[in-house]
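Just the one chain here, laid out as C-alpha coordinates, in the form predicted on its own.
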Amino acid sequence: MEKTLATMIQGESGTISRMEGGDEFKRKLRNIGIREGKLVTLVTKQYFGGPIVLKVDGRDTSIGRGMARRIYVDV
(Lines give C-alpha, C1' and ligand atoms only; values in the text may rest on other atoms or scores of the structure.)
Protein backbone atom coordinates (compact mmCIF):
# COMPACT_ATOMS: atom_id res chain seq x y z
CA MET A 1 0.00 0.00 0.00
CA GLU A 2 1.39 3.39 -0.98
CA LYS A 3 1.06 6.44 1.28
CA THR A 4 2.98 9.62 1.96
CA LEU A 5 5.42 10.09 4.82
CA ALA A 6 2.98 12.63 6.25
CA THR A 7 0.23 10.00 6.59
CA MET A 8 2.37 7.29 8.19
CA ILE A 9 1.87 6.51 11.88
CA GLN A 10 4.57 6.39 14.54
CA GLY A 11 6.70 3.25 14.29
CA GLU A 12 5.54 2.41 10.76
CA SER A 13 8.20 1.51 8.18
CA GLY A 14 8.27 1.46 4.41
CA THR A 15 10.37 1.81 1.30
CA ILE A 16 10.43 5.12 -0.55
CA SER A 17 8.82 4.54 -3.94
CA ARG A 18 8.79 8.05 -5.43
CA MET A 19 9.29 11.72 -4.70
CA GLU A 20 7.24 14.45 -6.34
CA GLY A 21 9.23 17.57 -6.98
CA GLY A 22 11.91 19.21 -9.04
CA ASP A 23 15.59 18.42 -9.26
CA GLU A 24 16.53 20.77 -6.40
CA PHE A 25 13.94 19.18 -4.09
CA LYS A 26 15.23 15.68 -4.87
CA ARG A 27 18.87 16.78 -4.54
CA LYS A 28 18.19 18.28 -1.10
CA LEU A 29 16.61 15.02 0.07
CA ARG A 30 19.37 12.86 -1.37
CA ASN A 31 21.95 14.95 0.50
CA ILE A 32 20.34 13.88 3.79
CA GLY A 33 20.05 10.24 2.73
CA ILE A 34 16.43 10.18 1.57
CA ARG A 35 16.06 8.59 -1.88
CA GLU A 36 14.01 6.03 -3.77
CA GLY A 37 14.51 2.47 -2.53
CA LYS A 38 15.53 3.46 1.02
CA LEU A 39 13.80 1.92 4.03
CA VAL A 40 12.47 4.61 6.41
CA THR A 41 10.74 4.41 9.78
CA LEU A 42 8.60 7.20 11.19
CA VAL A 43 10.00 8.00 14.63
CA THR A 44 7.64 10.83 15.58
CA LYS A 45 5.58 13.75 14.32
CA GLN A 46 6.15 16.96 16.26
CA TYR A 47 3.08 18.79 17.54
CA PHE A 48 1.45 21.84 15.96
CA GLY A 49 2.59 21.07 12.41
CA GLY A 50 6.25 20.73 13.37
CA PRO A 51 8.75 18.51 11.57
CA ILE A 52 8.56 14.77 11.05
CA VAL A 53 11.43 12.68 12.41
CA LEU A 54 12.48 9.64 10.36
CA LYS A 55 15.05 6.92 10.88
CA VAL A 56 17.07 6.39 7.70
CA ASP A 57 20.23 4.23 7.63
CA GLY A 58 20.23 4.00 11.43
CA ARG A 59 20.13 7.74 12.10
CA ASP A 60 17.36 10.20 12.83
CA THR A 61 16.57 12.85 10.22
CA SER A 62 13.86 15.49 10.34
CA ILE A 63 11.98 17.03 7.43
CA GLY A 64 9.09 19.45 7.17
CA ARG A 65 5.54 18.26 6.66
CA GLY A 66 5.34 19.92 3.24
CA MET A 67 8.24 17.80 2.05
CA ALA A 68 6.78 14.70 3.73
CA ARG A 69 3.54 15.12 1.75
CA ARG A 70 5.52 14.80 -1.50
CA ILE A 71 7.40 11.59 -0.59
CA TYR A 72 5.58 8.32 -1.26
CA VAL A 73 6.30 5.11 0.60
CA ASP A 74 5.29 1.47 0.07
CA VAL A 75 4.28 0.15 3.49
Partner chain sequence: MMKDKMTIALAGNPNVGKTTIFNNLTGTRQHVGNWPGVTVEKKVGTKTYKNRELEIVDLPGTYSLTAYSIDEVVARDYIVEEKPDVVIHIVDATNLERNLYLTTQLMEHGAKVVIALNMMDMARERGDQIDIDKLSSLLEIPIVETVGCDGIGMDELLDEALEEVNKGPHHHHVVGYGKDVERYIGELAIIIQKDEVLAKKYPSRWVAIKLLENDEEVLKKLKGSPAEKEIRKKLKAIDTDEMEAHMADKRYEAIGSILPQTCSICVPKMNVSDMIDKVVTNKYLGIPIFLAMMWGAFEITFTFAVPFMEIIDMIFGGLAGVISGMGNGWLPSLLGDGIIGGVGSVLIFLPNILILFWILALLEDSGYLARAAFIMDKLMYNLGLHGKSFIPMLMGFGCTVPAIMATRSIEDNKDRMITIMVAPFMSCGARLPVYVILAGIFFGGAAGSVIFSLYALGILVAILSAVLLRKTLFKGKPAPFIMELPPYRVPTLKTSLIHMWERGQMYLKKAGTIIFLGVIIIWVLAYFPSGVEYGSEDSYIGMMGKVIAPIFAPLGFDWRIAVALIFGFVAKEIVIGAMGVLYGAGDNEELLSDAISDSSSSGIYPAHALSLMVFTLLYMPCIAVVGVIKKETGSWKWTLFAVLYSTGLAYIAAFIVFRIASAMGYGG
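Numbering follows the first chain given and starts at 1. These figures come from a predicted structure and were not determined experimentally.
Unshown form predicted together with the partner chain; subsequent notes refer to it.
Proximity of residue 16 to the partner chain in the model of the complex falls outside the 4.5 Å heavy atom cutoff. Contact annotation for residue 60: at least one heavy atom lies within 4.5 Å of the partner chain in the model of the complex. With a 4.5 Å cutoff on heavy atoms, residue 29 counts as touching the partner chain in the model of the complex.
Along 45-63, these residues reach a heavy atom to within 4.5 Å of the partner chain in the model of the complex: 45, 46, 47, 48, 49, 50, 51, 52, 53, 55, 57, 58, 59, 60, 61, 62, 63.
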